[in-house]
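What follows is one chain in structure tokens, specifically the form predicted on its own.
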């Protein structure tokens, strides 16, 4: 994958959120519609194309925890709110060149997470669990060693304590488990095909109606594997 090779070549240890999603898109994992902007004029053009509501995020390979640093503004409803968010994020980033990610707001009440970690003994291992801001508190996750078959992915969904969130509940339709299984299988494939990838953290995956869509992603690289 060219985007990984370029990053490793210049000594970077992670991809930006936008780059991480480009990687996922290349493997046909569904992600949010989004674009990078560097000025207010391009911001308003992209906003008109994507349509409100939107999310704005500071975007850099050096930024891992955007929420804590005040680099995320959500549910932006009009041009004025977009311009205000752009200025706030630009000020907080404190960089000479501020690249900001403009992203559609995906609507959904259920948040999941998935990812990959490269174990020294077992190699790439796929992770799945409940997502959102309480991920680290709940720690409701399941693991499988890659490569995954569909049965493996479906079993992972059953293993988490909160597995009922995937069913039809409180007026919500059941999650498209086939689509979710495809994501988990593909994450394992990405790890097997790209030895420079040390970790993948996809959180959240929001369930929009029944479909899983990746809203945020982080890819950690191992430059020693170049």
Partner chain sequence: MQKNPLSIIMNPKSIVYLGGSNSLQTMGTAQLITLITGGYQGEIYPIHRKEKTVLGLKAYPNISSLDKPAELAVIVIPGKAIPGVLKECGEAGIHHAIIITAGYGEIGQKGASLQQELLAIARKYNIRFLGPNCIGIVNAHIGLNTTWFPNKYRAGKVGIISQSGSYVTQTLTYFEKLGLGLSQAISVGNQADIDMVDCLEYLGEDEQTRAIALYIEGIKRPKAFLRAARKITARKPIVAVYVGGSTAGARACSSHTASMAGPDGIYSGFFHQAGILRAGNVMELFDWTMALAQQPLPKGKNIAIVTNSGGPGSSMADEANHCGLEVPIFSPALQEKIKAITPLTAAAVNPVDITMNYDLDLIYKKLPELILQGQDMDGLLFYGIFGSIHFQDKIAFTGNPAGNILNPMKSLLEKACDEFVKLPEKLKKPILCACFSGREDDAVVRIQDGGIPVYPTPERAARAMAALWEYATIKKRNRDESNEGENR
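Bear in mind that the values here come from a model prediction, so they are computed numbers and not experimental data. Residue numbers count along the first chain shown, from 1.
From this point on, the text means the form predicted together with its partner chain, which you will not see here.
S.K.: Thinking of 115, 121 and 139 as one candidate spot, does its partner chain come within 4.5 Å of a heavy atom in every one of them in the model of the complex?
M.R.: Per the other structure, all of 115, 121 and 139 touch its partner chain.
S.K.: So in the model of the complex, does residue 218 come within 4.5 Å of its partner chain, heavy atom to heavy atom?
M.R.: Flag for residue 218 set to yes.
S.K.: Does its partner chain come within 4.5 Å of any heavy atom of residue 184 in the model of the complex?
M.R.: Answer no; every heavy atom of residue 184 is more than 4.5 Å from its partner chain in the model of the complex.
S.K.: When the contact criterion is heavy atoms within 4.5 Å, does residue 176 count as touching its partner chain in the model of the complex?
M.R.: No.
S.K.: Taking heavy atoms only, is residue 40 within 4.5 angstroms of its partner chain in the model of the complex?
M.R.: Looking in the model of the complex, residue contacts with its partner chain do not include residue 40, since no heavy atom lies within 4.5 Å.
S.K.: Answer with one of 104, 88, 155, 79: the residue that has a non-hydrogen atom within 4.5 Å of its partner chain in the model of the complex.
M.R.: Going through each option in turn, the one that passes is 155.
S.K.: At 4.5 Å between heavy atoms, only one of the stretches 24-32, 193-201, 167-175, 43-51 reaches its partner chain in the model of the complex; which one is it?
M.R.: Heavy-atom contact with the partner occurs in 193-201.
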